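A single chain comes next, written as C-alpha cells; it is the form predicted on its own.
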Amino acid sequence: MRSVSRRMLLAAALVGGALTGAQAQDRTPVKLGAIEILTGPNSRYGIAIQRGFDLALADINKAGGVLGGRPLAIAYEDSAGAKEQALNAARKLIGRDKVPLILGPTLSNEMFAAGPVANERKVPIVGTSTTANGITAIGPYVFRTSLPESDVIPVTLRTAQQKFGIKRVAVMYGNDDAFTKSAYDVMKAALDKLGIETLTTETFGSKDSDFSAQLTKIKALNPDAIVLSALVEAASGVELQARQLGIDPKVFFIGGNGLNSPKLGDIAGAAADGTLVGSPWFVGKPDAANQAFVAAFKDKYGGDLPDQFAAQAYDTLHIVAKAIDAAGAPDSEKIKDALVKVKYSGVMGPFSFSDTRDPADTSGVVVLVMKGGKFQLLQ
C-alpha cells in the first residue's frame, strides 16, 4: 500500500510539474480590445492613436511581451465616430472576444456611451484622448491618460492674456458634441476668472461647413482673439472662412484639444497661422525617450510626424502592459487594481493615476503656436 501511495504521489508531482511547466511556457497572446475612429471625418485622431498603439505593441513584444513571454495583441473596432457603434463595439469586445481591457474610444461622446457598458461588466476601459469633464465619474473601471481640458485650457488662455494682452474675445463652439461642449464650459469659466470680456458666443453643429453668419457677426465686433472649441475638420473650416471673410490675421484663434493636430495646418494652411493650443506634449521635446519615439514613428510611418494623440497612445499601451505584468494574469479585476498603482515614465513624462483615475501630474502643459502650417513652442 505504501508503495502504491508513493507511486501516486510521484505521479501527482510529475503531473503538477508538467502543468507548471506548461503554464510557464504559455505563449498564448494576451488580446486587448481597442475602439477607435478609423474611418470618417474624425479618423485623423483614431488613426494617429492606432499608430501609437501599434508602435508600442511592436516594442513591447520585441522586449518579450507580457507575463513572462506572452505576446500582446490588439483587436481593433472602428467606431466611425458614432456613439452607437462605439457602444456595440464595447459589447462585442467584452461579450465575444472576452478581452480583459479596452483601449479608447477616441471621443468623449463615445466614452459616455461605451464607458458605462465596460464599467457594468467590470472590464477596465482606458481613454487616451477623452478630455471632457465627467469621464472618469462614469465609474471605477473607467480610466484616462489624457489630461482633462480643465487642466489645459486655463493655461492657454492665461498665457494669451499675459503675452498678447487680450481683453475682448469672441467664442465659437460645436454644441452637439460632449467633448466640444465640455471644452466650451471650461473656456467660459476660465475667461470669466481671468476677467476677459466675451463679446459674443456663437455655436455650430459638428457637421456644419458654412460658418459665414457667425464669422460675419464676429468680424463686426473686432475682438482681440477668437476662442474656438471644435474638432479639427470643423476648426479648419472656421479658420479658412475667417480669413476669406477678411478677419484680420492679428485676430488669432485660441483652441482646445480638438485643434491640437498637425492636420489643422495641413487643411487650413496659412489661415491657421497664429493659432494657440495647450498641450501636455510637444514633438520637439529634447529628452532622449521622446526623440527616440519620434524617430521610430517617422521610420515606421513613412516620415510622418507623431502628434499628441499618437504619443498618448504609445505611453498608454506601455502603462497597460506594466499593469498586466503587475496583475500577474490577464484578469480584468486584477488589471484594474494594478492600474491605479502604476508609475511610468515615458515620452509624455512621469505618469501615474490620481485617486479619480485621471493623470496625476498636470505640470507639463506647454502652449504651442501654429507657424507655417506646423505647431511650435510659443516663445
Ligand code: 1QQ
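Owing to the predicted nature of the structure, the values given are computational and were not obtained by experimental measurement. Numbers for residues come from their place in the sequence shown, where the first is 1.
There is also a form predicted in complex with this ligand; it is not shown, and the following applies to it.
S.K.: When the site C-alphas are superposed and this ligand is set in place as seen in the model of the complex, is this chain open or blocked (3 or more ligand atoms within 2.4 angstroms of backbone or C-beta)?
M.R.: Open, going by where this ligand lands after superposition on the site C-alphas.
S.K.: Quick check for you: of 271 to 279, 187 to 195, 203 to 211, 102 to 110, which stretch puts a non-hydrogen atom within 4.5 Å of this ligand in the model of the complex?
M.R.: The contacting stretch here is 102 to 110.
S.K.: Spell out, yes or no, whether the shortest heavy atom distance between Phe143 and this ligand in the model of the complex is within 4.5 Å.
M.R.: No, no contact at 4.5 Å.
S.K.: Does the 4.5 Å heavy atom contact test between Ser79 and this ligand in the model of the complex come out positive?
M.R.: No.
S.K.: May I ask you to check whether Tyr45 falls inside a 4.5 Å heavy atom distance of this ligand in the model of the complex?
M.R.: Yes, Tyr45 is a contact residue.
S.K.: Would Ser129 sit within 4.5 Å of this ligand in the model of the complex, counting heavy atoms only?
M.R.: The answer is yes: Ser129 has a heavy atom within 4.5 Å of this ligand.
S.K.: Which of these residues, Phe309, Phe293, Phe253, Tyr173, gets a heavy atom within 4.5 Å of this ligand in the model of the complex?
M.R.: Only one option qualifies, and that one is Phe309.
S.K.: Can you pick the one in Leu231, Val283, Ile218, Leu157 that has a heavy atom within 4.5 Å of this ligand in the model of the complex?
M.R.: Of the listed residues, the single hit is Leu231.
S.K.: Using a 4.5 Å cut-off on heavy atoms, which residues of 163 to 179 contact this ligand in the model of the complex?
M.R.: If the 4.5 Å heavy-atom criterion is applied to this ligand in the model of the complex, 163 to 179 yields only Phe179.
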